[in-house]
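Below are two forms of the same protein chain, given as structure tokens: structure 1, then structure 2.
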Structure 1
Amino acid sequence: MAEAPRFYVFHGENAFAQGKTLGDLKRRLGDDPAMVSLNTMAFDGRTVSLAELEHACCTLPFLSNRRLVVVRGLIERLNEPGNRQDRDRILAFLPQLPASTRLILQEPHALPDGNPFVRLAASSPLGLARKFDLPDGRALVQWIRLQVASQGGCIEPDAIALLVLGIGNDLYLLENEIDKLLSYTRLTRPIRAADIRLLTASGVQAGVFDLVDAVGQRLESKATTLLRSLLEAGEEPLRLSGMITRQFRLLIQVRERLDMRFLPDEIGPDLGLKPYPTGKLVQQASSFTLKRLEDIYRRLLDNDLAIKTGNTQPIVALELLVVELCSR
């Protein structure tokens, strides 16, 4: 039987999945949290001394057959110029880890395949390298579906779209929102878009999106009704004003690129936006000319000044803004 790995290299932006995997490894240490705590040591890789780390790795477990040592950010530090000697020392030390120790080297960013730690972990029978990428696009949709299903619930496609639009791939936040939504539905029915709008912050984001849509089409009545419902839902006017400004800033960026003959698929990566929200923005940008967007943006600045200088109450300023934008 192949021997279990003794050192692990976990790297990539998906801190959520890294955390879950680490949690699984911890659970293998035993059921008693106190004993797990006694046999787990965590270090900040940016500051830990190599001697301290080696000492922790060579210590025998207490009333257990395994001991876990977690170091965050060490590889990044050892990759810096001038740390070559330290890096070689750790690379030489890893294959000599005691059989009772599990060393986890965690990195918050993805490492290249040629990184010596990744190479060693991949080639050594005692090592394991694992890259944790954030899910995106279809993978994210699937992740949400699985997360809901794993707790005995189900979710409608519209609701998934709203979650993706509002939260993106912040998996910690998504997990918490899904937990909350499942509690709200009592696992007796699917999570619907209306639940997202009622219970989550991404519902507000969707509301702002609809509001900007209505402004784009100069639907004064719809825009004021949407604004009123957002305000009555307790949304803070200043925050709402910030969200509306952000939406128009994104629209200006998207409109500019559309006018420069960018393809919709090229806009997202250029602006650092995820595919789903980019698609929605491209769709929305078609209702505006760049000139109108610039004009609206200037008006948003006036509005911000009016609020922050105390000349106009925030709620009143927002209402007037929406009416004006629809009539301009």
Structure 2
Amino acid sequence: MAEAPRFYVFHGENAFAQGKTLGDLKRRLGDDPAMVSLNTMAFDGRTVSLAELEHACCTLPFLSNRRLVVVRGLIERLNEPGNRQDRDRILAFLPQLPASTRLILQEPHALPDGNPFVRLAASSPLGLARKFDLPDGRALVQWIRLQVASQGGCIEPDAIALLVLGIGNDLYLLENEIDKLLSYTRLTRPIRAADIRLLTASGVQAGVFDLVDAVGQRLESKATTLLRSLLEAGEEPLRLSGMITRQFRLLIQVRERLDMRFLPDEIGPDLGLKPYPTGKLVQQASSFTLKRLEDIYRRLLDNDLAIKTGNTQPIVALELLVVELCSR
């Protein structure tokens, strides 16, 4: 029987999955949470001394067969110029870990396959390397479906689409929203799109996106219906106006970059946006010219000022504005 790994390299942006996997490893240490806590040590890899880390790894567990040592960010630090001697020291130390120790090297960003720690963990019978990518596209849809199903619930496709649009692949936030939605439905029926719009901030954001999309296609009836549904859900007119204005400001920035021949994959990093919302913005921006976006944006600012100064009724102003924008 192959010996269990003694050191692990966990790397990648999916902190949620890293945390879940680390929790599973902790549970294998024993059934007594107090004893597991006693035999677990965590270090900041940016500041821990190598001597301190080696001492923690070589200390025998207390009234247990295993001891868990977790270090976050050490590999990134050792990869910096001038740290090669320290890096080689740890690389030589890892295969010599006591059988009672489990060392987890956590990195918040993906490491290349050629990284010496990844290579060692992949080639050594005592090591294990695992990359944790954030789910996107179909993988994210499947993640949401499985997350709901794991708690005995189910969710309709339109509701999944709203969660993805409003939250993207922030898995911690998705988990919180799913828990809230399952508590609301009490597992008596599927989670529906209406529940997302009613209970989550992401539902409002998704509703604003749909509203702007309808304006882009000059679908007046659909746009006014979406606006009324947002207002009936209790959304404040002034806040809603601000969200619509922000959406058009982003569309102007995206449209400018498309006109400058930016590739879609280049736009997100340039604006500091995540891939999924960037893709939706690129798709939406194709319904507008830059001039039309700028005209709409100026009109939105005028409307926002009129509402704030009390020169017009907020709800009436928004309804008239949507009708006007659809005709532009």
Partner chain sequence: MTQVLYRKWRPTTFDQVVGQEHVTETLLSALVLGRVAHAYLFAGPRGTGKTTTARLLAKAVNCLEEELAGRPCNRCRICRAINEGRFLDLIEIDAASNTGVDDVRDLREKIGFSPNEGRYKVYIVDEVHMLSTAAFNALLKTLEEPPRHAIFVLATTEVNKIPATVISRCQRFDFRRIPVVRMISRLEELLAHEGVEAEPAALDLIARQATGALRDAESLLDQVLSSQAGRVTLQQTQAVLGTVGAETICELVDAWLNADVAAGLLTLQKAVNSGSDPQQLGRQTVDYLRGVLYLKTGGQVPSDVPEALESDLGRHAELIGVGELIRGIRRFGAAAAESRGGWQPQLPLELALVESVSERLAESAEPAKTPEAAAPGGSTGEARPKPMPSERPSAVQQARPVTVAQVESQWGAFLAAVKQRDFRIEAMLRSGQGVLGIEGATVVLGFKYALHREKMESDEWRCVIEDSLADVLGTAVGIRCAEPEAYRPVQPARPDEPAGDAGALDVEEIKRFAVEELNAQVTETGA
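Residue numbering: sequential along structure 1, first residue numbered 1. What you are looking at is a predicted structure, and each value in this text was computed from that prediction instead of being measured. Rigid core here is just the name for the largest C-alpha set that superposes within 1.5 Å across the two forms.
Given these two structures of one chain, say which is the form predicted on its own.
Here the form predicted on its own corresponds to structure 2.
Rigid core superposed, CA of Ser150 - does it shift 2 Å or more between structures 1 and 2?
Shift of 2 Å or more: no.
Is there a C-alpha shift of 2 Å or more at Gly19 between structures 1 and 2 once the rigid core is superposed?
No, the C-alpha moves less than 2 Å.
C-alpha of Glu52: shift of 2 angstroms or more between structures 1 and 2, rigid core aligned?
No, shifts by less than 2 Å.
Would you look up how far the C-alpha of Gly310 moves between structures 1 and 2 when the rigid core is overlaid, in angstrom?
For Gly310, the alpha-carbon shift amounts to 11.0 Å.
I need the CA movement of Glu256 between structures 1 and 2 once the rigid core is aligned, reported in Å.
Rounded to one decimal, the shift is 3.7 Å.
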